[in-house]
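Below, in structure tokens: the form predicted on its own, a single chain.
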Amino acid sequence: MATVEPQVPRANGKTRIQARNEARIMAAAETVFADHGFRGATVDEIAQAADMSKPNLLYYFKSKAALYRAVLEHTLRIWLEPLKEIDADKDPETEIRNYIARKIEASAGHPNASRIFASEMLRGAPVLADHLRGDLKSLVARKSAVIEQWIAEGRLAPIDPIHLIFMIWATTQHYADFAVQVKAVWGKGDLGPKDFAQIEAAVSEIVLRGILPRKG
């Protein structure tokens, strides 16, 4: 007799099966939204990519718009957690190197999410505008203050903190958003772990050479 997996609620109130199905839907939605954009994507396509029925998908996400928002919010959590963890009491070189590494890792692991986010920005951020002006702006202000503290202590060269953060975002996300261009110009096929390790080392070296205090 086959055993039925018990519907045990998790800490967030969802069962293991519900959490697994939501993750499956989100992964399928990332692919479809990245390929077709919000307007071109359909719930039917996403359900097919998730290998489930449309009514089953709509049980978890009530509309295409709700699913699109969930994908964007998930992307922000992945990207912003490393920024939140930058610690003023730690070595700035190590903290910035680790931040670049985690942003490169996010681009490598979630390229479709990155492209969806870029598309949202190009559309004028109709879904995320309030978040950009609110939580994101506040977070960047706090971390800019950390960088300013390091500069005041002589641990970094005098640079504009907010533009340093913008530059790290643009550079690390380039490898997801412009992957086709990167592979064509670099003469690569699909980028693998060794390629991303090389990217991480190069970006870190270039950024740190520009912001560490000059000796002599």
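Heads up, when I say rigid core I mean the largest set of C-alphas that superpose within 1.5 Å between the two forms. The first residue of the sequence shown is number 1, and the count goes up from there. It should be emphasised that the depicted structure is a prediction, and the values quoted were computed from it without experimental measurement.
The discussion below concerns the form predicted together with another copy of the chain, not included here.
Practice problem: Heavy atom within 4.5 Å of another copy of the chain in the predicted bound form: which of 90, 77, 142, 133 fits that? Just give me the one. | Solution: In short, 133.
Quiz item: When another copy of the chain is placed as it is in the predicted bound form, which of 147-155, 22-30, 177-185, 54-62 ends up with heavy atoms within 4.5 Å of it?
Solution: Only one stretch qualifies here: 177-185.
Quiz item: Within a 4.5 Å heavy atom cut-off, is residue 119 in contact with another copy of the chain in the predicted bound form?
Solution: Flag for residue 119 set to yes.
Self-check item: 4.5 angstroms heavy atom contact with another copy of the chain in the predicted bound form for residue 123
Solution: Flag for residue 123 set to yes.
Quiz item: Is residue 67 close to another copy of the chain in the predicted bound form, meaning a heavy atom pair under 4.5 Å apart or at it?
Solution: Flag for residue 67 set to no.
Practice problem: Although another copy of the chain is absent from this view, report whether residue 34 comes within 4.5 Å of it in the predicted bound form, heavy atoms only. | Solution: Residue-level check for residue 34: yes, a contact with another copy of the chain.
Self-check item: Residues in 45-73 with any heavy atom within 4.5 Å of another copy of the chain in the predicted bound form
Solution: Only a single residue, 45, comes within 4.5 Å of the partner.
Quiz item: With both forms fit on the core, has residue 162 moved 2 Å or more by CA between this form and the one not shown?
Solution: No, shifts by less than 2 Å.
Quiz prompt | Post core alignment: residue 43 C-alpha displaced by 2 Å or more between this form and the one not shown | solution = Where the cores coincide, residue 43 still shows a C-alpha shift between this form and the one not shown that is 2 Å or more.
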